[in-house]
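In the block that follows, a single chain appears as structure tokens, in the form predicted alone.
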Amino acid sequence: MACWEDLSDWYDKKQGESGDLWHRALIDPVLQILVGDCRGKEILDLGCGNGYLARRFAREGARVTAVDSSLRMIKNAQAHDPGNTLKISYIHSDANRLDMIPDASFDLVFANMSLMDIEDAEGAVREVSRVLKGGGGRFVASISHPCFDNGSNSGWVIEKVAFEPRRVYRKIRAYRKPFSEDIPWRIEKNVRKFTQSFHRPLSWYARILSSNGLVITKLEEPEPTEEFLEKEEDSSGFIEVPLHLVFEAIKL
């Protein structure tokens, strides 16, 4: 099995400066709304990947720290701004061990499609709570929707009935218990590599956030934009069933 270190160069090209289609036209618009105006704020990008959102928020006036467990990801992110004109602080670290960051350092922590790829997500949430400022520090995260995107235990079902429009359903099994699974990525036409992902039910997220002093205040299920529907092959099911979840949780 490959890891994100092995896939970092491919992922960098895939994301570029604006994110791939799924990020740019489906997930990110909602995440950016929840992040809101970030001018003058201290922000932590948890699982920054190639750093395109870290750079975007830095250009909007935020003071950004970007963390990733892959050193190659960090180096690729830095290469997009070799002079570090955006003054982003990059840290190579696992999300559950942010010892180099003092308590109550950030107004906002965001994790864009990274939390479900972190084995010790409970430890990561604990660290998020620790580094957030109390009395209103915010955690914004996007994840695969636990109810509808469950790896190989979920999929689309298309029903064709004579003289009727086709119907698209989402099937799901093995929802209640957490588990890990290798997720395939198509690197080239006939080449696939895998990374590990972790399914956890909604109740798990609610419980872990609450036990770390974080209260869910917003919950959104991104709808496909016109660009996504136009460019993503066979995307009709996304109109009815969301495959992603974006939430905001506030530290008390």
Ligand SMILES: C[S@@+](CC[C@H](N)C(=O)[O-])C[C@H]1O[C@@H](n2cnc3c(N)ncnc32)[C@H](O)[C@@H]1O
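Residue numbers here begin at 1 and follow the sequence given. Everything numeric in this text was worked out from a predicted model, so none of it was measured.
Another form exists, predicted together with the ligand; not displayed. Remarks below refer to it.
Within 4.5 Å of any heavy atom of the ligand in the predicted complex lies no heavy atom of residue 78. None of the heavy atoms of residue 235 is located within 4.5 Å of the ligand in the predicted complex. Shown alone here, residue 212 lies farther than 4.5 Å from the ligand in the predicted complex, counting heavy atoms only. In the predicted complex, residue 154 stays away from the ligand, with no heavy atom inside 4.5 Å. Between 133 to 141, 176 to 184, 87 to 95, 158 to 166, the stretch whose residues reach within 4.5 angstroms of the ligand in the predicted complex through a non-hydrogen atom is 87 to 95. For the candidate spot formed by 48, 68 and 113, every residue has a non-hydrogen atom within 4.5 angstroms of the ligand in the predicted complex.
Heavy atoms closer than or equal to 4.5 Å to the ligand in the predicted complex belong, across 151 to 185, to no residue whatsoever.
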